[in-house]
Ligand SMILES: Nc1ncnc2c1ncn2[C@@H]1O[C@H](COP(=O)(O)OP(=O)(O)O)[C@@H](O)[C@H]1O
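Take a look at this one chain, the form predicted alone, written out in structure tokens.
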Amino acid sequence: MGKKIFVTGTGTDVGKTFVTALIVKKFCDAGFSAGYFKVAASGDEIENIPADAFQVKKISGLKYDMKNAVPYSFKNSFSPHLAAKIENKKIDFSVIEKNFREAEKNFDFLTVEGSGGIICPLRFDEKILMLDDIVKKFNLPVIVVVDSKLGEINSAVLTVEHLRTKKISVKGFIFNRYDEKNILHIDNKNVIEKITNLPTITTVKKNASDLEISVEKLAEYF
């Protein structure tokens, strides 16, 4: 059974999929068996797989068939619980668990990508299933992807505090679209680190092609 990590973001459109792809790529480039998993995806498909999975595959160089990497895929670009309701489907935990257990057996390092932020309903009807329920059930440590823009101090700190109330291990942050000469980006990073007492794992420049961290160091967070 391989090592695992869960990648969440401070919200939507912070570059979570892009950073996830670079994490997977780091292990692929080093010759490890690397895998990708996402519970639910909404929106466009490319070559019969969700667009997020396609982006990860393209950037990382993954070669295997990724159809089972995302158990639930919806056409409508809404939160999974709403997309499922519109399409008359129900997300079943047993399906997620079956696919996840298979994935964790097959790879040295499995990177699990969240949907939006950490407070994401997967099912919200007679049964309630939240994304953080999955993280806790599978005992996944978490990396938080933070955009470097204005407003991220609040979003990052609240994300960490929520995870801590759920007794979920948070390993640290990856700051996306980070400019080491931008005073706002520098201040965001410093303040978030001090308030949360968590480290920055690495920073990612806009349009980066690799993570600026050794694969050995990255593996320590899994």
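One-based numbering along the sequence shown. Everything numeric in this text was worked out from a predicted model, so none of it was measured.
Missing here is the form predicted together with the named molecule; even so, the following discussion is about that form.
The shortest heavy atom separation between Lys171 and the named molecule in the predicted bound form exceeds 4.5 Å. In the predicted bound form, at least one heavy atom of Asn176 sits within 4.5 Å of the named molecule. In the predicted bound form, at least one heavy atom of Val14 sits within 4.5 Å of the named molecule. Taking non-hydrogen atoms only, Val204 approaches the named molecule to within 4.5 angstroms in the predicted bound form.
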